[in-house]
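In the form predicted alone, a lone chain appears below as structure tokens.
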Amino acid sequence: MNTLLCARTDFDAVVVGASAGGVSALQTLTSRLPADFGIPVFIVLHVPRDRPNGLSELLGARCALPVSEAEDKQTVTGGNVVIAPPDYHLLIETRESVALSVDAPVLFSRPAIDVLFESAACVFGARLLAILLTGASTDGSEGVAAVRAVGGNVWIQDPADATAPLMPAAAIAHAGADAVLTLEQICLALENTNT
């Protein structure tokens, strides 16, 4: 693991983006979050717009933290995992609340990773950790750039480790990363995050 680049562990929130191959990666990641993980985790996974996906139930079955689908103007506290619902962008509105939006899709995606990452960067600044996982689009690249621009930390799944390498590779090429890690290394680093 690139321990030097993962040295920062002082975060107030974590945002995670994934697309193709993301269900399995998110199951692994959320199942490794410790029960005392004290900061909120916000997730966007590209999902079909026209039907419920049951993602919160699927992830919640193996996660020690409460997992729920976001509601507009929902108050969010530490130690909760909040997932964007189908066909809505998930935005971080304040340090304690989220908002949902039906603004136009970004790169054909609603929810979009860029929208989540950019809004979280505005609210949490340098105290944000963004994690970009497997995917087959370039969504997330602008969000990664926004997080890095405010001093936030970005961990990107190693494209060689991803089910679909396009999304992590595109983000690395566009904005770089503080660490490029395997999924296992990301899980280990999260377990060592001070929350």
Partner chain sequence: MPSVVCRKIMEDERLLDIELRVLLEAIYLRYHYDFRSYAMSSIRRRVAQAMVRFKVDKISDFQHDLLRDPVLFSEMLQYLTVQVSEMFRDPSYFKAINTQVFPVLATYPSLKIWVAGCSSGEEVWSLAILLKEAGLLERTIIYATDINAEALRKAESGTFDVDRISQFSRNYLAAGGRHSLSDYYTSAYQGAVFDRALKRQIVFADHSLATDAVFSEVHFVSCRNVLIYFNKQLQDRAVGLFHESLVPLGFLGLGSKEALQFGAHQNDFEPFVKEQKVFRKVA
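Being a predicted model, the structure only gives us computed values, none of them experimental. Numbering follows the first chain given and starts at 1.
This protein has a second form, the form predicted together with the partner chain, left out of what is shown; the following refers to that one.
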{"property": "Residue stretch of 143-151, 22-30, 157-165, 37-45 approaching the partner chain in the predicted complex, non-hydrogen atom distance within 4.5 Å", "result": "143-151"}
{"property": "Check all three, D12, C63 and N80, heavy atom within 4.5 Å of the partner chain in the predicted complex", "result": "no"}
{"property": "Proximity of L128 to the partner chain in the predicted complex, heavy atoms at 4.5 Å", "result": "no"}
{"property": "Interface membership of A70, the partner chain in the predicted complex, 4.5 Å heavy atom rule", "result": "yes"}
{"property": "Residue contact check: V106 to the partner chain in the predicted complex, 4.5 Å heavy atom", "result": "yes"}
{"property": "L100 within 4.5 Å of the partner chain in the predicted complex, heavy atoms", "result": "yes"}
